[in-house]
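Let's start with one chain on its own, the form predicted on its own, as structure tokens.
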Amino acid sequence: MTLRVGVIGTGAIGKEHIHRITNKLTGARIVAVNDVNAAQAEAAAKGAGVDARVFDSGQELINSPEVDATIVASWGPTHEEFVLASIAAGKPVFCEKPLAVTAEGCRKIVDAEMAHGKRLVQVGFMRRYDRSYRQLKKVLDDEKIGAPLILNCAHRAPAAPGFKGDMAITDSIVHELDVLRWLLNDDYVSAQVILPRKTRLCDADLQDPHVILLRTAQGILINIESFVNAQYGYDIQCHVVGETGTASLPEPADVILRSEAKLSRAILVDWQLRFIDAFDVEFQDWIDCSIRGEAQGPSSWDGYVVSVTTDACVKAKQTGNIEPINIPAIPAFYAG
């Protein structure tokens, strides 16, 4: 079977997914596209060498008998509508983050999926598929350093054009919020946000950097530095202090140079290059699972938990207080 995929949203990330599925992966083909800019949708398909039908609306694409599964890569506020429509149509849907722009919207998706009776939704938290994170998770799962006590993490980017307000939390740190609870098999119970001296190299209405302190149900303390105008490169760090040792996220493989009286190695500057392999593994897994009628990647529940946690972090930034994170018990539907 070849999975017939429709893509809603053909901006930068949508175009990348069209190219990836068409030219790098197996088991699927792009048969339909939709975007608020129809010409852009057509150009994105042709640019990847795809003869895909351009639909006038996302809803029409989802309900088409020509489409087996959907990728939602459109503007964030449209995600809830398209994911709910995919569930109603009984079709697998891969949704880039956010699952919805509010925790309430995420919960509606969770409830709709449970009412449908089968998992159909995967959320685009690609870090779970990154080789480095999987190596670190194996160390923790095998208890090589005993129980984890403290995590020191950093999310640094060279620049964040267009970022304003709370976007450093809602658009960047969400990836840490997902991957760290996956690493630890634990949920968050409180958040505090500390605002260091602001860099002068960012827009006037953006606070940068942030320091986010999270505590988990097991008592693990997590420190995340978010610095989205770090200038020097794209740098993701995670250092775990355990009872009997420490473990750090491996750096991406690179050539170490000894030249011109210097010892050096290159630093990535593009987040897509840092996680390009993870995207490939993620989408191949989604294709394979969709063909088998299964779902096993980051779920609607994971998207909901991240949204609840993000809301608490934003509130903690505003109040300066330690804010509780009230995550309900995971439904049995998602527990497996």
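Source: prediction; values computed, not measured. The first residue of the sequence shown is number 1, and the count goes up from there.
Below, we turn to the form predicted together with a small molecule, even though it does not appear here.
Shown without its partner, this chain lists P148, P209, P92, P98 as candidates; in the predicted bound form, only P98 has a non-hydrogen atom within 4.5 angstroms of the small molecule. Of the residues P252, P158, G76, G105, just one reaches the small molecule in the predicted bound form with a heavy atom at 4.5 Å or closer; this is G76. If you check the small molecule in the predicted bound form, you find a heavy atom from every one of I13, Q40 and F82 within 4.5 Å. At a distance threshold of 4.5 angstroms between non-hydrogen atoms, I267 is out of contact with the small molecule in the predicted bound form. Although the partner is absent here, I8 lies within 4.5 Å of the small molecule in the predicted bound form, judged by heavy atoms. At a distance threshold of 4.5 angstroms between non-hydrogen atoms, L273 is out of contact with the small molecule in the predicted bound form. R181 falls outside the set of residues with a heavy atom inside 4.5 Å of the small molecule in the predicted bound form. Remark: of stretches 198-206, 184-192, 244-252, 124-132, the one touching the small molecule in the predicted bound form is 124-132 (heavy atom within 4.5 Å).
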